[in-house]
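The chain below stands alone and is given as structure tokens, in the form predicted on its own.
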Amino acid sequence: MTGNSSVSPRDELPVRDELRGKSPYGAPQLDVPVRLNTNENPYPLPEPLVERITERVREAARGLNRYPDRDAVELRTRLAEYLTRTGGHRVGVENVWAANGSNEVIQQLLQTFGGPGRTAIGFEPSYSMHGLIARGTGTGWLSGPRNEDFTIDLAAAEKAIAEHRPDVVFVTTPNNPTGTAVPPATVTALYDAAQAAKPSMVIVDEAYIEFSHGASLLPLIEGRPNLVVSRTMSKAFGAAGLRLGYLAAHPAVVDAVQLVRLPYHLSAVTQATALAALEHTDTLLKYVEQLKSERDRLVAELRATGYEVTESDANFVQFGRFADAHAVWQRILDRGVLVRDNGVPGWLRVTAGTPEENDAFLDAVRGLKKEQSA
């Protein structure tokens, strides 16, 4: 989260004005029995994949005296194959770029298409790193509207784009922290509005798309050279520790972001590990199906207990409403379960974990309800 904080020693430094008084992104890292606050995949990588990673990394280690493939051609080829197989649209290596997590993908996009004198807009509440990375790249940040149910207010969004003429438009689907999906028609309408206003780049952040009830918006890149779909291997692939993100777009976008990429930005070890994971996509996606089932169970059980729940297409659930969300967060933590207080007034977010972890969470929130009714 971002926000004002007390004066710190770093503010005595000649820090850029737009960074003063801000807090770095991050969730509490606490030693508790059940941690459901960072949207990680709770299942360890299967042993055959661990062995394959070991083999690939051992092979890569023999060449660590040399720089890695700076264009990550083999990795991008395999990512393109994965997207073609699962995303409903054929893409080639020329359409795909990879970096250290989807955050670096977004950073490179903003370095290329944003920057000083330019602006980006996102529809909040949404993934707070969009705004943080915008500020970090010197890009002005605009907060666009959402409806009461956390869907995008399309008419108001189109009006904001026409008025402010942003250089970059962010659309997050499924949205973090609310879990709501964005219909394709909304994205195409926003894209058309953005092109009429500037034209602008439209970045569709699909970090959680494998958990969605619906299909990827990847096919929308056809005929839309200013549309980018961003993905990650942190969530569905259960590889948060790998830090591998990627995008799909017109080849000209892939060419453009290479103007700002750091030399040899993806290590040989990162590339080898990601390639091993891509060999096991069928196995990894079975875990996704389990988590989707657990997410739906959380939604049903929370509602049955009397909580309000936002519709979720992700691996997490936003629930409420609370007069003091942080106080409820603390009371759940006191029961040994860590969830996320994202700063959305009246709401908390819980990641879908293993059945046992979810049971512990549900026991905690049921206990709160019993206390309230006693």
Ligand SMILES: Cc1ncc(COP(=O)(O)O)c(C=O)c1O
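The first residue of the sequence shown is number 1, and the count goes up from there. Given the structure is predicted, the values throughout are model-derived calculations rather than measurements.
Keep in mind the form predicted in complex with the named molecule is missing from the figure; the text below concerns it.
In short, of 218-226, 297-305, 233-241, 189-197 it is 233-241 that has heavy atoms within 4.5 Å of the named molecule in the model of the complex. Here is the short version: of Phe211, Tyr127, Trp141, Phe113, the single residue with a heavy atom within 4.5 Å of the named molecule in the model of the complex is Tyr127.
The listed set Gln108, Asn95, Thr270, Asn176 contains one residue whose heavy atoms approach the named molecule in the model of the complex to within 4.5 Å, identified as Asn176. None of the heavy atoms of Thr137 is located within 4.5 Å of the named molecule in the model of the complex. Mapping the unseen interface onto this chain, Ala207 counts among the residues with a heavy atom inside 4.5 Å of the named molecule in the model of the complex.
Although the partner is absent here, Thr180 is not a contact residue: none of its heavy atoms lies within 4.5 angstroms of the named molecule in the model of the complex. In the model of the complex, the named molecule sits beyond 4.5 Å of every heavy atom of Gly87. For the stretch 285-303, the set of residues having any non-hydrogen atom within 4.5 angstroms of the named molecule in the model of the complex is empty.
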